[in-house]
Every structure is written in C-alpha cells, then in structure tokens.
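The chain below stands alone, shown as structure tokens; this is the form predicted alone.
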Amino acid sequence: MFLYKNIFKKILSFISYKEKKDNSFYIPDASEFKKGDQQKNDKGKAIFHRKTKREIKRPIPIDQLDKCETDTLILASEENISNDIELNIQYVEKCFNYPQNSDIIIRRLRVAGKYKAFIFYVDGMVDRFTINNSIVKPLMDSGKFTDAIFEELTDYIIESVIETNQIKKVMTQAAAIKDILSGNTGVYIQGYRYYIICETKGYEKRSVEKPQVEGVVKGAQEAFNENLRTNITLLRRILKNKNLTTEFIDVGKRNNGKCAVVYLDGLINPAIVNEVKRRITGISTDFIIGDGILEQFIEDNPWSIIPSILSTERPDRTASHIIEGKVAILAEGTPFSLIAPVTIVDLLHTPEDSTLRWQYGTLLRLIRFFAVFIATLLPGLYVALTTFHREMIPTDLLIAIAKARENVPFPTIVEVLLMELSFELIREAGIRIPGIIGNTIGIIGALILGQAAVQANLVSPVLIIVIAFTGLGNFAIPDFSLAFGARIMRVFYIFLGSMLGFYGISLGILISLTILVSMKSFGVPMVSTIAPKTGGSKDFVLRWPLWMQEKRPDYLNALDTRRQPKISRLWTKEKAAYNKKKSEKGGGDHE
C-alpha cells in the first residue's frame, strides 16, 4: 500500500508544478522590485556621501620612487604577487612550463632606462604590432618620464605612457594568468605587488557570414561567429540602448572559457538574470566550450528530450528575445546564443515570422505545427492502422496497401523500423561526408534504399511515401534540438502503435503532454499562456498584426509590460498633410 501511495504521489508531482518547492525557481512579480529599487537608490546616495569624504593623496616626485615597498620580500603564489621581479618571473615560467612550452614570451626591459620590469604574453594570441609600438617603446622611452610628478609610477604609466585601449591592475597571479591566456599582455615593475594588464588580443577569427542553419528569404543575413566580442558587437548594432548590459562570467576550470550574459536592464525581471548567473557560476567542471555543453549544465530538465532553452545563430532573433525581457547567453568559441526562458511555442517560431505580413506568418506557423504532428506520429499511425484498425482505411486504399505488401516478408513494424534506420543513416552520413562526394549520398538514398529496396520486396512503396513525408515534416521543424526530440518520440510512438494501436498512441500522447506540462524553463512552464493560463498573447500560435501586439509575454513578469501604446500607428488618427493644408485654406469648412 505504501509503495502504491508513493507511485501515485510521483505521478501527481508531474502535474503539480504550481506547488512551490524549495529548490525550484519562480519568477517573482515585478511589483516586488519597485521597493527594492527605492532602497537601492537610498543606499547609493549614502555611498555617494561617504565617498565625498575620501582623503586626497599628495603626489610624490619621481626621484623618490625607489623607496616603494622593497623592504620585505614576499613570495609569489597563486593569490600573491611578489615584490621581487625574479620571483615573479620564476612563478610565471613554472605556471607555463617554460622553456618546454615555447608559446609563452617573457621580455625583460628597463622602464625609463632605470626600473627593472618584464612583460609576458602568449605568442599567437596577441597583436605584436600593438605590443611593440604601444607598450615596449613607450616604456623604454626615458623622455616620457622626465618632467612628470605623480602619485605612483604605475599610475603614471597607466595614465600617460602605455597606449593600448584597455588597461587595468590585477592583484593576483591567478587573475593575471587568466588574462594572459585570453590574449592580453602583462607588465610587471620591480617593487610593486600587482601586474598591469594591457589589451592586446590579436588572434585570427572568422568574418561575419550568412546564417548556415536559420536562413530566411526576408530579413537580416548576418550570423554569429566564434568570437565573443564580435557577437556582442552584432547585438549592440541592433539594440542601440544604453541599458543593454553585458556581464562576463568564467566557465570551465581548465579551459578558462568565458561566457556573456546579455540583457536589457530596467526591462527584464532581475530574478531571471540572478538565476541565470547563479546557475552558470555554480558549474564546477573542467571543460566547457560552446553553447551546447553550457546548455546541458544549466537547463531545468536534463532528462527530457524536449529542449527548454532556445539556441539561435541569428543576432536579430537574439535581440528580439532580449527586447521581450529574456536573457541571452553567448559562449566563447561558438556561433550560437542561448535564450532563456522560453516556451514550447517559442521553439516553433522563426525569425522570418515577424518580417512577413501577419497572414503569411500565421500560415507558416500552422504548417510548422502540422509538421511536428507528421514528424512525430505519422509512422506510428501507419503501423496502428495497418495492424489493428484496418476497418478505418477506405476499401480501395486498403486493397492497394495489401497488394503493395503481399510480397514483403516482414511484419509492418519491422518494415517501418528498417526504413527509419535507413533514413537516419542517410541523414547522418550526409552531415559527416565531405562535400566533394556529397552527391553520392543522394544516389544511395534515391536508388539503392528507395527503388532497389521496393523491387527487392524488402519494403512496400506506400511505406516509402510515409517515411519521405515524415522526413519532410522533421526538416520543417525550425529548432534543431526539437527536431531531434521528434525523431526519438517517433520511435516511441511506432512501438506503442504496434502493441496497442490507437489506444497505445493515445496513451503516449497523454504521457507526453503530462511531461510537457510539468516542464519549466527558468521558472516558466513550457506551455505557458495555456497552462497555467496567463495574459493573452498576440504572438503565440496565431500571429496578430505587429501594431496590435501591445504587450510583452505575461509569464516573464517584465518590469515594463507594455511594448507599445494602444494606438501605435498615430498617423491613422491624423489628417494627411495635403488635407490639413486644404482644410486650413478653406477656413475650416471641412471640419
């Protein structure tokens, strides 16, 4: 009895998502952040008042700089930078396995011809022209130090000598080495306990090209590439908003990768941003490269075959989701961005929907929903009909199917699985095969596995049509991960149809819907707007005209829910300029 009670509770938990759990994330209402913002502003004012009382340090002449912190020798470690140049060089050489590792370059020099110093960088990751002309030459030019009076030597170097775009102080060896591995250059001067890190990134990167996966007829033709900075620039070119915020977070302990969390401050619910950052910073693993690995570490439902995070290669699509009140995550080394939170319907939208007239966009969406139905259920329904429910097939069609199958020695389930397996082999080989011999796959698929298989009585011609139709439906699903999920679910429905007919398929649909309803994407139920019922969306299954889409999705609890005023086409309420002049000349006769 106790066992049955636990099983019942487990099943009930799939549909009891409204019950809050301690380890679950829920997006709080936007009104809760108004009080928090007020308190933050008050706190900011208090900090500002405290800062005005800071003491002003007096400058030190250059001839007194020899006295800097050289009294006590401090050893170099991961958290400490020594005040002795030799100890720091030894630490860097040990960290980079020098001299066996010839990629690391350590260059000794004398700043202003007087102070011992060294620079270090990874060869191939930097721009040598920038290092030579903006760092080494200015540092060795004593003429730049003659008449300067300044607080500290390094501050003067940062402000007046080094000519790179970005420069900063780093207080630990670990942080300095992480910057060096990213393509920056470190500068150390004898006696100080920090490095000066200069931006000198100069590695090769791919240019911005057309989308390879999400091509459109109308709309932008730019796609992300593998460079993180380029991808963020592409977003900023679209969203010219001062509140567009980019936060960098390190991921992967051994590859020291970096990802960017991009959102529109003041619009997005802050809880979503905090939850995304909490999950990324909570990852403890050696290696993360690209959005695919990162997605698996932060998604809500790792056991589900339906994705709960949207992946896109298009900057315009990413920008449209950011402006809705969502978060974009861009990982270093991948031409894709992750969008969260999303619903199941978001996975079936395409970037072209909003650029087409609303009638065309709606029609295309309905075709895509039909494609999901075909890609998931058609082979299972075929097996169920020909095995258990032949009375539902029109007589003429039933006779044609029977004639086509009379010489096939296998039962329908084996026949279907054989063709499904062949189709998957062709698809997988088509991706892996080199482009120069790509036509071979078409010949194999069309002639050998199509015509030849029918002539050899291995499969029936009707099944070839069913599998081809199913494949077309699968290709019409816009999200790559969702299309994968449909392929796996198709096999599941084929087995159910072969064992229980329509009853089995109905049971499978019920189980699938129950799991789908219980799924969440960063606190948002995957079937939001329907279950739970939220505010009506005019960009869900049916796409209403853009000028009627006044509000953002209700389930996001954005701080600003309104996308545009109720009357966004103000010109429709005004007279045309020609009629206005005519009315003024006529003395208001037309009023």
Partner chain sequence: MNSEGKIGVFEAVCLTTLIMTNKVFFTSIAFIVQMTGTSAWYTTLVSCAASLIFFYFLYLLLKRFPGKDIPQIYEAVLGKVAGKFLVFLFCVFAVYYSGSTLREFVEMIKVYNLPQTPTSIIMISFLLVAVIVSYFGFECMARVCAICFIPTVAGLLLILLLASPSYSSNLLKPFGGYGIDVTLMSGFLRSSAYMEFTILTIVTGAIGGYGNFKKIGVISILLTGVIFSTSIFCYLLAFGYSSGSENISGIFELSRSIYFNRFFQRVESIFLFIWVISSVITTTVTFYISILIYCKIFKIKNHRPLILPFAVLVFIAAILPRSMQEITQVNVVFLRQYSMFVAYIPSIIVLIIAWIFKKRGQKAGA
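Since this is a predicted model, take the numbers as computed values, not measurements. Positions refer to the first chain, counted from 1.
One more form of this protein should be noted, the form predicted in complex with the partner chain, which is absent from this view; the next part is about it.
Novice: According to a 4.5 angstroms non-hydrogen atom cut-off, is Ile197 in contact with the partner chain in the model of the complex?
Specialist: Output for Ile197 is no: heavy atoms all beyond 4.5 Å of the partner chain.
Novice: So, Pro532 and the partner chain: in the model of the complex, are they within 4.5 Å at any heavy atom pair?
Specialist: Output for Pro532 is yes: heavy atoms within 4.5 Å of the partner chain.
Novice: If you check in the model of the complex, is Ser82 within 4.5 Å of the partner chain, heavy atoms only?
Specialist: Ser82 lies outside the contact set for the partner chain.
Novice: Can you tell me if Val527 lies within 4.5 angstroms of the partner chain in the model of the complex, counting non-hydrogen atoms only?
Specialist: Contact check for Val527: yes, within 4.5 Å of the partner chain in the model of the complex.
Novice: Counting any heavy atom within 4.5 Å as contact, can you tell me which stretch out of 260-268, 407-415, 274-282, 516-524 lines the partner chain in the model of the complex?
Specialist: Contact-bearing stretch, as computed: 516-524.
Novice: Can you work out which of Phe423, Tyr156, Phe388, Trp358 has a heavy atom no more than 4.5 Å from the partner chain in the model of the complex?
Specialist: Selected residue: Phe388.
Novice: Identify, from the list Ile505, Ala220, Ile401, Val454, the residue with a heavy atom within 4.5 Å of the partner chain in the model of the complex.
Specialist: Only one listed residue qualifies here, and that residue is Ile505.
Novice: Would the partner chain in the model of the complex be within 4.5 angstroms of a non-hydrogen atom of every residue among Pro394, Leu500 and Ile509?
Specialist: Judged in the model of the complex, Pro394, Leu500 and Ile509 all sit within 4.5 Å of the partner chain.
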